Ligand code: MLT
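Presented below, as structure tokens, is a lone chain in the form predicted alone.
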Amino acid sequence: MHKSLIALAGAVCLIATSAAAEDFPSKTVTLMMPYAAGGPGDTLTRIIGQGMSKVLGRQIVVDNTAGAAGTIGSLKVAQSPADGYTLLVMHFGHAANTALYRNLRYDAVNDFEPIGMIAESPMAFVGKKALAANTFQDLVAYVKANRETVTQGHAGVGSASHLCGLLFQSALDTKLAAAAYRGTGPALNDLIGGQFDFMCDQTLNVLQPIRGGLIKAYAVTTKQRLAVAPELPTASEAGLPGFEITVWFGLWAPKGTPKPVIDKLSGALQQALLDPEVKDRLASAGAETVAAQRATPDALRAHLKSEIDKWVPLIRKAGVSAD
């Protein structure tokens, strides 16, 4: 009798979960973007939110809870009800923060349910106009010859530019003086003003000053040259074989969100990424949508693990901490 009651209770829960998923969403869904409004991540979040809203038939709003390299907003999602109505859009910092923060109040893997990858944004190496190096090969040689005095800028600990810089230093087996800023805007302003030597940042942020002749451009960090800047070689072809890094974005729900809800959200994400308008708008924002098979829970789960395996040893070796 006892076993029968347990089985009955399990069946009731399963039916209730399935019914809830069938009705999902019955109200507004919130996408948490844990960085400030107006940045590349915010732009991407709003584009994909509008695309998914069309598929789901419900309004999707964006919540910008910024601070501490995205960890404040990420924690807010981890502590939200596991019902699919509060989701996290986060970039590769979700992996890096596991090493940057010794006292992180959530587990990037175990406190979230992956929904799928969204897009990837390339990066580029740029320098001040007065820098002696004119090509990427020149830049590598210049850094090696002047490692005691050269300065590399970034937009803050845990930012894409910071992590790209760490990877560059690791590739050259050196440690450089850092010019750290609170955001890409101030960093670029000072690079244009010649206050430090070079940096690596998302192409979305640097293409305009490159085209305006305000800074020098050296190379992109993708496997292939970019259609929007075909004149720029890849770092791999220009002197650092295998040097590749993109700012990827993924979508997560709180741990325990029912699988039928996750599946519905993942399906909506995949459909949105196939929408020509979404693809075009993301491309204009400097991001490339991922293939449908990467916009799945399993693909994001595997990718996050590989990124943690990549960034944690590198950050710990560099002795960098955000705490």
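Just so you know, these numbers come straight off a predicted model, no measurement behind them. Each residue number is its position in the shown sequence, starting from 1.
Absent from the display: the form predicted together with this ligand. The rest refers to it.
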| note | The stretch from 125-133, 218-226, 178-186, 112-120 that lies within 4.5 Å of this ligand in the model of the complex, judged by heavy atoms, is 178-186
| task | May I ask whether Tyr101, Ile308 and Pro313 each come within 4.5 Å of this ligand in the model of the complex, counting any non-hydrogen atom? | result | no
| note | With the partner omitted here, the residue among Gln152, Ser161, Ser74, Asn97 that in the model of the complex has a heavy atom within 4.5 Å of this ligand is Ser161
| message | I need to confirm a contact call. Of Pro258, Gly49, Pro297, Gly39, which residue comes within 4.5 Å of this ligand in the model of the complex, counting heavy atoms only? | response | Gly39
| task | Would you check, heavy atoms only and a 4.5 Å threshold, whether Thr203 touches this ligand in the model of the complex? | result | no
| Which of the residues spanning 88-109 lie within 4.5 Å of this ligand in the model of the complex, based on heavy atoms? | His91
